[in-house]
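Let's start with one chain on its own, the form predicted alone, as structure tokens.
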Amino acid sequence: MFSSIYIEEAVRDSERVEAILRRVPGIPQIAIQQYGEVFNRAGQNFRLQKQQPALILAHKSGRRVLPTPEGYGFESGSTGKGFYFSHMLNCVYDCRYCFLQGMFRSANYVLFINFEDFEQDIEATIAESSADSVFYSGYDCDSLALEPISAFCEYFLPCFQRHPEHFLEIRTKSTQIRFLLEHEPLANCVIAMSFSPQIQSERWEHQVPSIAKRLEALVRLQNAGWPVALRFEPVIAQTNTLSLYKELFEIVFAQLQTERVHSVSLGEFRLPVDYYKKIVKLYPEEPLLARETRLEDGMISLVQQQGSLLQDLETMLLAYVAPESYYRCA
């Protein structure tokens, strides 16, 4: 699973680190002073490291709860605000369009184990926020993919169970749902699954569970009482995009209880220009990255040959879901 495990000296003797090491025995362990000396060093190749990444167990200092970018998520109320927190850096999957490849120098996984400090900061943010605020996990990682090792949900769900007026969104492509199925469902904890059309998923979403497996996980969660959400992001145009999404929508909404889906979103492929340039260097042979682009406000997006694509997809989507449950991710 991991080529090696780097452990900051400051956290080496913590109970959480010891529990993690028991879950992954037999992997070489390397002591370090600070995770940045491994994760941020120059001369790393994200593409090569992705083939056999290491796990870094570390302490997160500084700001741990941050405001979300404008237009990132759903609006749960007229006064609610959005925040995100990242207990982990990098994703176990290898989606060719992923912005993390341009953000980080390293493909190694950083798992911050000082959950108590995250919880303290979440509690402080809640104390200063109005009801209906939303906390997003899964901005810099996939929140569920390492659940059997990290026990992230096991720790953080009780925090939001104490604050039913605030929401937690766990965004994922993972089918690691065993703990959720064993836990009492929380009305304010939304499991948001990302989907792309089958042909695009096979082409660009490497190592991601199949659409069928992800849908099976969502159905089980919904049947168990968990709120589930759908994220059709990023939308990438090609000659038959509408027919691809028509097929995807038919498959998805035939299996889910549509009236009980918490929220649904669409969002186009967009990256900060510096991230995009780094990814192009990593994958110069990737046709997706050779397409015509446009630059606006420091963000790169693909030039869509179908100018009204998102509007057309919205019209198609609103045949299945109520308008109030839909939003476009900016």
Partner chain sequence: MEPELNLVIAHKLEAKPLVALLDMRQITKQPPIYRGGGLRLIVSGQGRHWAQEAVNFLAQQSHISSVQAWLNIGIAGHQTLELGQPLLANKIVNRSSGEAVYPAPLLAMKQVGELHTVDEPESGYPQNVAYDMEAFGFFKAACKHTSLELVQSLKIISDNLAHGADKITPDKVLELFHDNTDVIKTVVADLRSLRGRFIETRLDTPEFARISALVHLTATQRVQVRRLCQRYHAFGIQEQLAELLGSKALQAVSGRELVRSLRQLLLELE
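Since this is a predicted model, take the numbers as computed values, not measurements. Numbering follows the first chain given and starts at 1.
One more form of this protein, predicted in complex with its partner chain, exists but is not displayed; see below.
K.L.:
Checking a candidate spot here: are 3, 31 and 42 all in contact with its partner chain in the model of the complex (at least one heavy atom each within 4.5 Å)?
P.N.:
Yes: 3, 31 and 42 each sit within 4.5 Å of its partner chain in the model of the complex.
K.L.:
Classify residue 285 as contacting or not contacting its partner chain in the model of the complex by the rule of any non-hydrogen atom within 4.5 angstroms, answering yes or no.
P.N.:
Contact with its partner chain, yes.
K.L.:
Could you confirm whether residue 290 comes within 4.5 Å of its partner chain in the model of the complex, counting heavy atoms only?
P.N.:
Yes, residue 290 lies within 4.5 Å of its partner chain in the model of the complex.
K.L.:
Report yes if any heavy atom of residue 61 sits within 4.5 Å of a heavy atom of its partner chain in the model of the complex; otherwise report no.
P.N.:
Residue 61: no contact with its partner chain in the model of the complex.
K.L.:
Is there any non-hydrogen atom of residue 49 lying within 4.5 Å of its partner chain in the model of the complex?
P.N.:
Answer yes; at least one heavy atom of residue 49 falls within 4.5 Å of its partner chain in the model of the complex.
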